[in-house]
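Okay, here we've got a single chain as structure tokens, the form predicted on its own, with questions on binding and movement later.
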Amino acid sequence: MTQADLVVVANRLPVDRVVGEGGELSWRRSPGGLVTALEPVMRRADGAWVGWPGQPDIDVEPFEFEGTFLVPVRLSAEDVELYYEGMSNDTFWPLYHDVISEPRYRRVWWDSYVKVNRRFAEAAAKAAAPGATVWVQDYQLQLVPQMLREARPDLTIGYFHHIPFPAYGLYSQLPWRRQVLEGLLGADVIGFQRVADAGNFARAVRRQLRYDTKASGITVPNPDGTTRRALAKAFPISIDAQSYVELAERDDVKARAKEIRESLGNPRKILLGVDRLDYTKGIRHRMKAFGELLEDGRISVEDVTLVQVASPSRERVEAYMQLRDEIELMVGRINGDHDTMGHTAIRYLHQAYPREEMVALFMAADVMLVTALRDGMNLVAKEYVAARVDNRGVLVLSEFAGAADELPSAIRINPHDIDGMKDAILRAIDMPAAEQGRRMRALRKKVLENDVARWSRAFLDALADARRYTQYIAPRNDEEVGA
């Protein structure tokens, strides 16, 4: 099998399997920021990507796709149920998002998680050339770094955590808390979205493992009695900003934005929410605030419309089925109370759209509502900003989204404070054009400078430093454990 100097390990391959009308099989590149960010890096390095093809119980041999060697990992239907839907999305996801929904702890899920992580680690070890760099992605694969280090100590290993890492009081509930920390510390560099997430991780390491943690890194013991350094640091992820700029400047996209406004009855202001249908996104809170503004008479359905795109997500998980029912009931109630023959209060769209349509929506919307209760980053906030080549529009942004750290010129809100959110929405609706321009120019400067290519370079540079400067230090018994 081909071996690569750079190996990415992710739950999914960067391609989707397509079955044609005649039954012929083909592959197409998946949409998404991670794929876009790593594509040029992988091509330059003749890299390999290890991941699941996206369908259970299919056997696919490794193959090359557009300059990247792809290594499929087979998952059975039971693996998908236990490792992915169970442990990853019914235990880690709610726990790491501040227990907005109650996490469930089942030993059979954990056993499957360990088994599947080992399968990914074994595939990555085979795909990696001697002395290669391996970059593991996200919470589905938290045990892979340590498994890789045990199998291939010659590798330089990175891990990036795309979702929040919780405070210790929450994390400590996890029955397998030590195993996960040890798994992550197999990496030389452990990346997080926010400084606070890196701090939460370091505190968990101190409390559970009693390792020394300092700004320069975490001292990790080796089996032979020596130690090594693991760096835990924030590397905020971003988007391919220039691709959104290019779409926003296309005449057909501009025309589509105008069509969208006309199809909504040309209201004075359009509010927009774009989310996966997930309980972490604060969609119910957003709709409650909007509905109360209509009930209070502070806005009217003729003047203001809310467009809510809620793309389908984890539709077999009970919490998500219940969330969809609740949101659709809210939409029906608000529209029933406030719609007129010519105007709709909430245009609710439970489907995904291609990027061109999303950019047209961003350009049509006067106010972007990002009201996440907890979010690792929230790239939609950055996509909206990148698409506003006219330097207009207002971003209302939850302080609990990672993007809030980078975008201080947005109107920041606490999504749990419904009255505060209502006031922020009114402020956004009534914001003068000059103030919109000042804020949006500052937001755009940040997003365009700190794009996804810069993110991937920063992380890979940190891994290169780890390769150059990794040193084994004899343990010092007199060294006090960090506070």
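Nothing here was measured: the structure is a model prediction, and the numbers come from that model. From 1 onward, residues are counted along the sequence shown.
What follows is about the form predicted together with a small molecule, which we do not show.
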property: Distance check, Q140 to the small molecule in the model of the complex, heavy atom within 4.5 Å; result: yes
property: Y96, heavy atom within 4.5 angstroms of the small molecule in the model of the complex; result: no
property: Partner proximity in the model of the complex: N89 to the small molecule, non-hydrogen atom cutoff 4.5 Å; result: yes
property: Exercise: A248 in contact with the small molecule in the model of the complex, heavy atom 4.5 Å; result: no
property: Interface stretch in the model of the complex with the small molecule - options 205 to 213, 172 to 180, 156 to 164, 390 to 398, non-hydrogen atom within 4.5 Å; result: 156 to 164
property: Contact residue in the model of the complex, from R276, H350, R118, K233 (heavy atom within 4.5 Å of the small molecule); result: R276
property: The single option of F201, Y84, W110, F362 touching the small molecule in the model of the complex, heavy atom within 4.5 Å; result: Y84
